[in-house]
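Read the single chain below, which is given as structure tokens and is the form predicted on its own.
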């Protein structure tokens, strides 16, 4: 916790913190398939405890999967044997039904309760020694799973009445869900907002929509937040993102890390930016070199947490590569002035 807080204050701790954002790998540790693993909060607790110890990780990450929130809205989830669960058919198939949509009650969602249970149990173990990262989908990005990309773009551009109502409903849910995780023991909330990235919408549209929605929503979340664009670019909106109220920005491997460091220097802590897709094919030597490169560029002066660029490391990434990443951080991420 001290290491992370020092980094967030843009000072240099003993070494660069590493957030290996592992979700499905807990199933491997317990010898379960992914569906069975996520069926009980106890499984995720044990998985996170083992992963944190194994890789000397600097956080617990009790995130189950992205369509968890869609389940709360009455949707269904499709499970895979080798990848993250995904959303089935959209819960909103007729856009006019958006006016009938209401924010689900967290108290009535068994799936959300599993996450809160996992956070509570991890808090009992972590106390205040290891940060626990909760997750919410931003009100602006959740509609991709609620009604599909095509219909969402339609209402975003042509149906302001529907768009505004959907944002109100989603904001209420996002705030309540984020605060419930904080109350359960989460240290901070990761605010996933890929639709706001410059990869998906232009900066001027972000300023009018995702940025303002983030400002409203983050102001109501009763704890620190980290905004993650889930592999999407953010340099074109680097002048805006700090004004959203977030403390950390998840950055893409598709953008120059040195430019990102300069753009957010003393404003936001960088989280990233190892390419999770490429990571599946890395050798241990490549993993070590990629970690060294990232640390050399972004670690000086603090304000950098080594992580992947998406917010979830693919299931196919081997234990050997993950161990190489961890060992490289512990070897090359030490700040010289703190040694001895």
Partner chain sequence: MKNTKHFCDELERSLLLLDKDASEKVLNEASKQGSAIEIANQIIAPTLKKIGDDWEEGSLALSQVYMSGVICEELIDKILPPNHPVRIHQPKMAIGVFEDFHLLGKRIVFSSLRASGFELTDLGGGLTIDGLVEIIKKEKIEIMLLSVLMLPAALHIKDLKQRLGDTNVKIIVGGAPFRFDEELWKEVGADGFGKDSSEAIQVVTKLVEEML
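Numbering follows the first chain given and starts at 1. As the structure is a computational prediction, the values presented were derived from the model and not from experiment.
This next part talks about the form predicted together with the partner chain, which is not shown.
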Quiz item: Any idea which of 97-105, 219-227, 147-155, 260-268 reaches within 4.5 Å of the partner chain in the model of the complex, heavy atoms considered?
Solution: 147-155
Self-check item: Single option in 87, 187, 109, 179 placed near the partner chain in the model of the complex, where near means a heavy atom within 4.5 Å
Solution: 87
Quiz item: Which of 213, 238, 201, 175 has a heavy atom within 4.5 Å of the partner chain in the model of the complex?
Solution: 201
Self-check item: Non-hydrogen atom contact residue 307 with the partner chain in the model of the complex at 4.5 angstroms
Solution: no
Quiz item: Quick one: does residue 254 come within 4.5 Å of the partner chain in the model of the complex, counting heavy atoms only?
Solution: yes
Exercise. Indicate whether residue 314 is a 4.5 Å heavy atom neighbour of the partner chain in the model of the complex.
Key: yes
Quiz item: Counting only non-hydrogen atoms and a 4.5 angstroms cut-off, does residue 278 reach the partner chain in the model of the complex?
Solution: yes
